[in-house]
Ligand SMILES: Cc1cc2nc3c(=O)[nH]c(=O)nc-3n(C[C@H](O)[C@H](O)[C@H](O)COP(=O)(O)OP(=O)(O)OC[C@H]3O[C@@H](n4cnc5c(N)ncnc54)[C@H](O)[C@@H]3O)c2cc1C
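Shown next as structure tokens: one chain only, the form predicted alone.
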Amino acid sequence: MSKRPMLQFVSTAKEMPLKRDADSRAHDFNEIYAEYAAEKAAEQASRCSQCGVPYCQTHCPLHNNIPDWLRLTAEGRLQEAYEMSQATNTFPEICGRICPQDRLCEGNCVIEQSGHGTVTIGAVEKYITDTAWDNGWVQPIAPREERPESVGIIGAGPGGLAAADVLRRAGVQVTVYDRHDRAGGLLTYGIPGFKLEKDVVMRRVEQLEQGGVEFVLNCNVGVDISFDAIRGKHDAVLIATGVYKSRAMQAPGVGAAGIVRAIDYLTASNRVGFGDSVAEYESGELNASGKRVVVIGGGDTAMDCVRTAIRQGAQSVKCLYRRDRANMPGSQREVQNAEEEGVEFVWLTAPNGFAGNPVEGVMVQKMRLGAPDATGRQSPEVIEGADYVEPADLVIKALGFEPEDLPTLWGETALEVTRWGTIKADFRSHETSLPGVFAVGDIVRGASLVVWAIRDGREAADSILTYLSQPAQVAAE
């Protein structure tokens, strides 16, 4: 392919990959965006202005070399583009699908700020790596030499898998422990297939397995094996459990049947997608079919729930959020997709209780935005006398996640935690209060983005390699 000049944003408009129409996509869990064709990917990549100071790269947690692999894509040098993308990102095809680019790289694109429409960085990133898989450029992990040291990783989510990849490439023996029957963590059981089809995750897990990573699944640390035993078995340990404890909600009637946690609802749906038999889904407990569904929350998990309910055949789906659209934490792109698919957003509303058991309705308070809080966001205030009841047969709580009490669950009181319950770890080395024990991802940060977990996992793996290279007497302290 002939070389294509860059800086084409003036003459070439922004163009996303084709999006399936709402009527067709609302009936299945397949991804909603098509793949770029080679010529279209090159065309859109050529819009990059090749900034001297690339804000897209600066605002990417992984500091991906975005302008460079856009240029290589525009020139048709796709294998080189893939290799450059993979150099800083363990899972570029996953980030290309699920990163909130509108808040990170694309949202800080210089040509977006100048009114020309951002470069479609995420779609090109996805295209590059999908092409690499199709052409066999993604090679199995093959360390130059094996090392005797072993590392135990607790949690097979994005942080743990990213660390496993780096450590295994260095020849370290890696064992990953996870409570679920499949690896991937929230990539597998938390994020719906219409955002991230599961074969995309499973092929990365298979790549790690083929490269020598051992997975111990259906293994609940603290129950099936002690944390102390894992420490005794390995030269270093990485904690990458994520945060799965749903934030509690206090309101009259909250314990009624038909009021469920988002994580349970999404996990059941994803298991059904794998072909598993899920009793709670088949009984209707975690199935929105034919029901009036109300989702409480405004983050990305709430967006996943409302869009899943549409696909399960809900009679109606409403999302209650206590602030307005401009102040919601979820991706605006996801809100738009949900609205196209038939979700109704009820802004400036909050639940005050629940009627019936099984649930028949949500008692709703209307809100208005008042003075800014400590974060600078306007605080919601109740409008007195404006309460009403929203009919509901299924209520899904998507209020966020908190860390489990790991020191108690694992019987390791010396593992220091913050006042929020997250593990206290050095922000550079990721080492905890226990020698040779590191921690990454949401269990340190609190609920955050997949891309931050990947960055943490890669950084921690480098720190672990440094730790393992210390003299034996130091490492044994």
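All of these numbers come straight from a predicted model, not from anything done at the bench. Note that residue numbering follows the sequence shown and begins at 1.
The discussion below concerns the form predicted in complex with the named molecule, not included here.
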{"query": "Segment that reaches the named molecule in the model of the complex - one of 384-392, 175-183, 199-207, 339-347, heavy atoms within 4.5 Å", "finding": "175-183"}
{"query": "The single option of 30, 448, 408, 433 touching the named molecule in the model of the complex, heavy atom within 4.5 Å", "finding": "448"}
{"query": "Option touching the named molecule, based on a heavy atom within 4.5 Å in the model of the complex, out of 100, 117, 212, 258", "finding": "100"}
{"query": "Three-residue site 250, 351 and 402 fully in contact with the named molecule in the model of the complex at 4.5 Å by heavy atom", "finding": "no"}
{"query": "Exercise: residue 165 in contact with the named molecule in the model of the complex, heavy atom 4.5 Å", "finding": "no"}
{"query": "Residue contact check: residue 298 to the named molecule in the model of the complex, 4.5 Å heavy atom", "finding": "no"}
{"query": "Interface membership of residue 190, the named molecule in the model of the complex, 4.5 Å heavy atom rule", "finding": "yes"}
{"query": "Residue 244 within 4.5 Å of the named molecule in the model of the complex, heavy atoms", "finding": "yes"}
{"query": "Within 192-231, the residues that have a heavy atom no more than 4.5 Å from the named molecule in the model of the complex", "finding": "195, 219, 220, 221"}
